[in-house]
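One chain comes next, on its own, written out as structure tokens in the form predicted on its own.
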Amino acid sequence: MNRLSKKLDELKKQNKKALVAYLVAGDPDLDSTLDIMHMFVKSGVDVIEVGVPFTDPIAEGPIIQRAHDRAITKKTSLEDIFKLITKFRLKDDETPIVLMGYLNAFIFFRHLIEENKNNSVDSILVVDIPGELNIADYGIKNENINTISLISPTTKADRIKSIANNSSGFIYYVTLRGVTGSSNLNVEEISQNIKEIKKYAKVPTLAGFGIKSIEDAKLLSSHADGIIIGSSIVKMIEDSSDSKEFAKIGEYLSDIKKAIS
């Protein structure tokens, strides 16, 4: 059982909801990314999702697209990200880390994933592969790394069952139609879809996309096993990229954690 499975199992036993926080590695720079990751943990974040910069991040809205562009301008690669996580692990060997990105980047650096020194990475979420598949289906083999699958409001019922059975780590339920950072959450639809997923899933179901406010977080956490916050954090990083004053992100996450606890 890796860090991610262990953490989610502990939270379930304690009847607590998971808080996952996302950022793009290298935005605004790798040193800042490391500092923000440690701040996430101090603020009550249970799992850190690290975005791997990509030239064509098709699932992302404009906020995260800009973060990818900034990180690419800094020439941030998956090799740099593994070095970053190695530094993070010097102080924190408990917090689970999920890499979220696109298939080409993972295939190009497959040797890093297969080696995964000291099992520093716990899971991978590949945005642009079918949920019924995992990284092993693309020749990337590491039994200690989970593959997280996405299920959206438009996923057909027969596929929900097969994806739920295939996913390891957790199931990422996309709460809306569209890209990251959109709004207009349909709570009734979300509730019904998560209930359907839970009929088949052997792992927790976490909800992400479009969660911005404390009210959003509290509402969705009552249906899912946890929530994933991304665009709102990335926007705060963007707004503070010159000053490097990121304290308000920690305050925001602390409030979110209290709201879902």
Partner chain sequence: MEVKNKNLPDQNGFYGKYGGKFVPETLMYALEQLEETYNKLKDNKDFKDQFYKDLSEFVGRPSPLYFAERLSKHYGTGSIWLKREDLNHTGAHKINNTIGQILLAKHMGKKRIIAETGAGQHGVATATVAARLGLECHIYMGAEDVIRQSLNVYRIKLLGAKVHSVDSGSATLKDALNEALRDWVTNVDDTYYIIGSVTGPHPYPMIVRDFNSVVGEELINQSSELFNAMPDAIVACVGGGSNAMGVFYPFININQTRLIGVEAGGKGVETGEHAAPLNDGEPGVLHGALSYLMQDDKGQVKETKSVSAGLDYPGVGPEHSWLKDSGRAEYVAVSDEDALRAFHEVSEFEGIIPALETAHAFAYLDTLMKEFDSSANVVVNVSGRGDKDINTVAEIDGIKV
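Please read all numbers here as calculations on a predicted model, not as lab measurements. Numbering follows the first chain given and starts at 1.
What comes next is about the form predicted together with its partner chain, which is not displayed.
- Proximity to its partner chain in the model of the complex, taken as a non-hydrogen atom within 4.5 angstroms, holds for one residue of Ser120, Ser191, Asn166, Ser152, which is Ser152.
- A heavy atom within 4.5 Å of its partner chain in the model of the complex is found for one listed residue only; from Lys91, Lys141, Lys156, His111, this is Lys156.
- Proximity to its partner chain in the model of the complex, taken as heavy atoms within 4.5 Å, picks out 58-66 from the listed stretches 58-66, 229-237, 211-219, 32-40.
- Its partner chain is not drawn, but in the model of the complex it has no heavy atom within 4.5 Å of Gly51.
- Its partner chain is not shown here, but in the model of the complex it comes within 4.5 Å of a heavy atom of Gly131.
- At a distance threshold of 4.5 angstroms between non-hydrogen atoms, Ser162 is out of contact with its partner chain in the model of the complex.
- Although the partner is absent here, Thr76 lies within 4.5 Å of its partner chain in the model of the complex, judged by heavy atoms.
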